[in-house]
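Form predicted alone, single chain, as structure tokens, below.
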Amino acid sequence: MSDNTADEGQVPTPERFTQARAAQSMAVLEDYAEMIDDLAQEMGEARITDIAARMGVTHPTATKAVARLKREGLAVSRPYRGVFLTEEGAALAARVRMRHRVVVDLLVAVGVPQETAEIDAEGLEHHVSDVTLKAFEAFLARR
């Protein structure tokens, strides 16, 4: 009888969990970059209050995430103004948006309803490897 917590004969390693935590941390950063880009396109700038409201988080949580974006060189802010993405931040937001579209398109292609595909893609888009994403794109191109 085998334990269902791990594949037969494979013991989870600390590196696997470290990678999973890093991926989750990056997913949060990507979501904030994408939201800032959306708000900037809609309103000309992204204010912390608007970011928090759209992300469904508190003002301090949004402030902390934006501070991390700034430390990573992905965003800047100006006194009495909003938050703006750097070129690198805008490129990240564009990549995330493209990944989202590919995942949604694949889910719809295999029969997932559009609304469900949009919701599910929000989680999947951050964890799909580039190899898998290219396979999704190749599959979609053959349809």
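For clarity, every value in this text was computed on a predicted model and none was experimentally measured. So that the term is clear: the rigid core is the largest set of C-alpha atoms that superpose within 1.5 Å between two forms. Residue numbers run from 1 along the displayed sequence.
What comes next is about the form predicted together with the DNA, which does not appear here.
- From the list 33-41, 54-62, 92-100, 109-117, the contact stretch for the DNA in the model of the complex under a 4.5 Å heavy atom rule is 54-62.
- For the chain shown alone, Ile48 is a contact residue for the DNA in the model of the complex, at least one non-hydrogen atom being within 4.5 angstroms.
- Using a 4.5 angstroms threshold between heavy atoms, Val28 counts as touching the DNA in the model of the complex.
- Residues from 71-93 that approach the DNA in the model of the complex with a non-hydrogen atom closer than or equal to 4.5 Å are Arg71, Arg78, Pro79, Tyr80, Arg81, in the order they occur in the chain.
- The Cα shift for Lys64 between the shown form and the other one, taken after rigid core superposition, is smaller than 2 angstroms.
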